[in-house]
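Take a look at this single chain in structure tokens; it is the form predicted on its own.
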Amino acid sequence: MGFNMSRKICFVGGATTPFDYGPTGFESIEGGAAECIRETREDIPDFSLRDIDLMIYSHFSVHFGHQLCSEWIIHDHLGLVGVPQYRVENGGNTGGSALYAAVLAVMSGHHDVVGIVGWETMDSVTQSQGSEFIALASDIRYELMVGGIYPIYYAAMANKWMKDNNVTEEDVATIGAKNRNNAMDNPKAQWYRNEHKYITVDDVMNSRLISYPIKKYDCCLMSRGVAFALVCSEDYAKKVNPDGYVTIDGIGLSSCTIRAGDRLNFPGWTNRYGSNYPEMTEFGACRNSAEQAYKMAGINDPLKDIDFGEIHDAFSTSEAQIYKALGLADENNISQFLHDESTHMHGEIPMNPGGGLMGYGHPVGATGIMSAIECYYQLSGLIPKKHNSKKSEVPDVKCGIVNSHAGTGTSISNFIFRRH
């Protein structure tokens, strides 16, 4: 695979609405999109909607909104007649896939300024109905017929992965507590807007069992929310935000089977990584897409070269699995890596300082965009302005990773962001 990096790709600005389950103050998706763009224009006043030459819309499930082609409504509301647009859908990796598409559009030279709007309105139905809608992204001829929903799939994977890697329930519970506590000063975050309390590992361990070993506080939050991001050429970035843009130096996108059980001895993996990988419990698509992004960005030692990350913590167990897939730890030291709190704010590579899906929320189409925006805020020095304190600011950062993840690891993207 060859990359044409003669054209630098930049992330120049973005914002989200508050994420919540219930009223956010922006009950229409078009109102939320307009609010995100208004905040982006406050940050970079030289940006105008008229500059956009492509819009990419990021939306997971029309079931929640009961409206097909809802991106047309947003596009009309923003007055973008004549501007080309299309919608991306790729499960939990919808936001990451939309960002990938935007990078490719600018890299091609055909577009210079690409807007991305992502959203989901998961509060339009009950939580149990929402779980069923999300489970429609498993094979409905098999898993759904026997009552399968995603916490069950992840619990089965996690149970074996934790045994194989000598990881305890308490080890992963540190992640559930960490991400919620990281959201405590982030006013857009769902945890901030609702429960808003610091929690401990014991609180996670004592929360309601969902599907062993996953408990309530090991799970992300169903949400309503909208996000907007701006990807562009370096010439445009220098024009509208010369001191604040960041570069996207590496991208990767990879796929895996829908069912984890189908990964056993799958030739596409065994040819690449040898026998017994990814088995049922490893995220091969994450490893593969990370390797693509690392190669493109010149990352040789991710633990040393990357300062922090905003990654897909649908469950605290899956965040732990992602650490391994990103090459931050291996089976010999992942237990110690978690025990040492290496990914906490005081650790060597803080993960999800913005709160992640467990703290910020998970309105699916907006989620990967939110992760990219939080990474951008860290690298451009905006955290004190966007959060209520510097507690969630990672000091002296130069490089971050953004990770977006779908299915049971069925589609995964990774991006390397750098301060220019």
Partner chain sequence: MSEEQVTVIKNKRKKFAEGPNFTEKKEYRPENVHETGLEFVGHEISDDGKVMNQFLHYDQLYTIRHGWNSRFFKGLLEGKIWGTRCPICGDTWVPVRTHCWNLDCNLAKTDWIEMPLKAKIHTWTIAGWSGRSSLKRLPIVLIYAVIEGSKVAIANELHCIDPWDVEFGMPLKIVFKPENERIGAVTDFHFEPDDDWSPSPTNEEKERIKKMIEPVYEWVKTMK
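Residue numbers count along the first chain shown, from 1. Just so you know, these numbers come straight off a predicted model, no measurement behind them.
Just so you know, the form predicted in complex with the partner chain exists too; it's not on screen, but the next bit is about it.
Contact check at 4.5 Å (heavy atoms) against the partner chain in the model of the complex: all three of 160, 163 and 262 pass.
Taking the partner from the other structure, the partner chain in the model of the complex has no heavy atom within 4.5 Å of any heavy atom of residue 390. When the partner chain is considered in the model of the complex, residue 152 lines it closely, a heavy atom lying within 4.5 Å. Of the heavy atoms in residue 66, some are within 4.5 Å of the partner chain in the model of the complex. For the chain shown alone, residue 132 is a contact residue for the partner chain in the model of the complex, at least one non-hydrogen atom being within 4.5 angstroms. Of the residues given (108, 336, 126, 194), 126 alone sits with a heavy atom within 4.5 Å of the partner chain in the model of the complex. Of the listed positions (169, 307, 291, 249), a single one reaches within 4.5 angstroms of the partner chain by any non-hydrogen atom in the model of the complex, namely 169. Stretch 254-262 is the answer when you ask which of 173-181, 320-328, 340-348, 254-262 has residues with heavy atoms within 4.5 Å of the partner chain in the model of the complex. Taking the partner chain as it sits in the model of the complex, the stretch 226-240 never comes within 4.5 angstroms of it through any non-hydrogen atom.
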